[in-house]
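Here we start with a single chain on its own, the form predicted on its own, put down as structure tokens.
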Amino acid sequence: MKTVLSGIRPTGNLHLGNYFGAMVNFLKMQEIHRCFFFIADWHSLTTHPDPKMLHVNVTGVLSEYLACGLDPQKATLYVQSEVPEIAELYLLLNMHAYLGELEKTVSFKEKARQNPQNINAGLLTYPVLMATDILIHNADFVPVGKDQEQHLEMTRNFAARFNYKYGVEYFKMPTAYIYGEKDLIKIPGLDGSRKMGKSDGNCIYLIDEPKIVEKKIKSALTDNGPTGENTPKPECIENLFTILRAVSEPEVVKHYETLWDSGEQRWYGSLKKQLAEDVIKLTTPIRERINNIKNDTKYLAEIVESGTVKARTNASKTLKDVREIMGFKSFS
């Protein structure tokens, strides 16, 4: 059985894009792999989050992922800051990271350019912390997006450098988790853009109330309608059909595909109404579970405690091995 690791930043709520992208695949992973899913609260410190909101955000993210189906009996769920072994391994790996390579990291250069008043050491060594998260469980696979591929490559560099320096074959060379073509359902934004994203304000969140879902979909970008039979759909209309295919029954999709292909006019209102109904049908039980879990502090505490024990057991072994390899010996 292979080990898979994925981190979740406690920033914002899950939207349909997250659900049909990472979330659906996480549910598949936990059935066939040894999975570690963690909330990366230390990672969020580079932007100095509001201390009053940090725990609130962690609780919200944990509740959402549990509500979507992550199973603590099948996967290890934990909060990064509850596993102190990560901090020590981060320190040890920092001794094997060089200033030049860290300064060349694309994400560091981009964030330093965007926020020149906040170029902190945590931002510079961010790739080392990401590597630590992966290597402390000696993960085989890491689900990553295009923007994180360089960090995964750096993780392999740190692992190889450690192995070479100490003459061991201890750390694995983690690779990107490769999704099947059918697994990559990309949900577009409601503003006609190709991607649903929090920063673009074009999302339908899993916690959105029905009225909000209806309002968002009603205001989604459209055109003037088909200009004839079997004409190509403009991007804004194809976007709505993409969401429809994800949330609606095949016969519903076929109905609206037929209307488009026939060149008929004045049915966008019906399409949006149907789309809203089907999105609400999908999200309502998830939203209700999120709220129930979020308010059950005892249950959340039990989940975090259980996940912490499993994560620390694994992390402690790795840290013990690394300390011994590097020459640290106990006097007791």
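Every value quoted in this text rests on a predicted model; they were computed, and no experiment measured them. Don't overthink the numbering: it's just position in the shown sequence, from 1. For clarity, a rigid core is taken as the largest C-alpha set superposing within 1.5 Å between two forms.
Another form exists, predicted together with ligand TYM; not displayed. Remarks below refer to it.
Engineer: Between ligand TYM and I217, P226 and Q274, in the predicted bound form, does every residue show a non-hydrogen atom at 4.5 Å or closer?
Structural biologist: No, none of I217, P226 and Q274 comes within 4.5 Å of ligand TYM in the predicted bound form.
Engineer: Using a 4.5 Å cut on heavy atoms, which of I86, L93, I134, I204 is close to ligand TYM in the predicted bound form?
Structural biologist: That would be I134.
Engineer: So which stretch, 126-134, 167-175, 255-263, 93-101, is the one near ligand TYM in the predicted bound form (non-hydrogen atoms, 4.5 Å)?
Structural biologist: Going through the listed ranges, the match is 126-134.
Engineer: At the 4.5 Å heavy atom threshold, is K186 in contact with ligand TYM in the predicted bound form?
Structural biologist: Output for K186 is yes: heavy atoms within 4.5 Å of ligand TYM.
Engineer: My question is simply whether G192 lines the interface with ligand TYM in the predicted bound form - judged by any non-hydrogen atom within 4.5 Å.
Structural biologist: So G192 does not count as contacting ligand TYM.
Engineer: Is V142 near ligand TYM? Define near as a heavy atom within 4.5 Å, in the predicted bound form.
Structural biologist: Contact with ligand TYM, yes.
Engineer: So, in the predicted bound form, is S6 in contact with ligand TYM at a 4.5 angstroms heavy atom limit?
Structural biologist: Because a heavy atom of S6 falls inside 4.5 Å of ligand TYM in the predicted bound form, the answer is yes.
Engineer: Only counting heavy atoms and a 4.5 Å limit, does any residue of 38-53 reach ligand TYM in the predicted bound form, and if so which ones?
Structural biologist: Sequence-ordered list: F38, A40, H43.
Engineer: Once everything's superposed on the core, is A311 shifted 2 Å or more at the Cα between the shown form and the other one?
Structural biologist: Stays below the 2 Å threshold, so no.
Engineer: With the core lined up, does the C-alpha of L190 move 2 Å or more between the shown form and the other one?
Structural biologist: Yes, the C-alpha position differs by at least 2 Å between the shown form and the other one.
Engineer: Once everything's superposed on the core, is L14 shifted 2 Å or more at the Cα between the shown form and the other one?
Structural biologist: Indeed, L14 is displaced by 2 Å or more.
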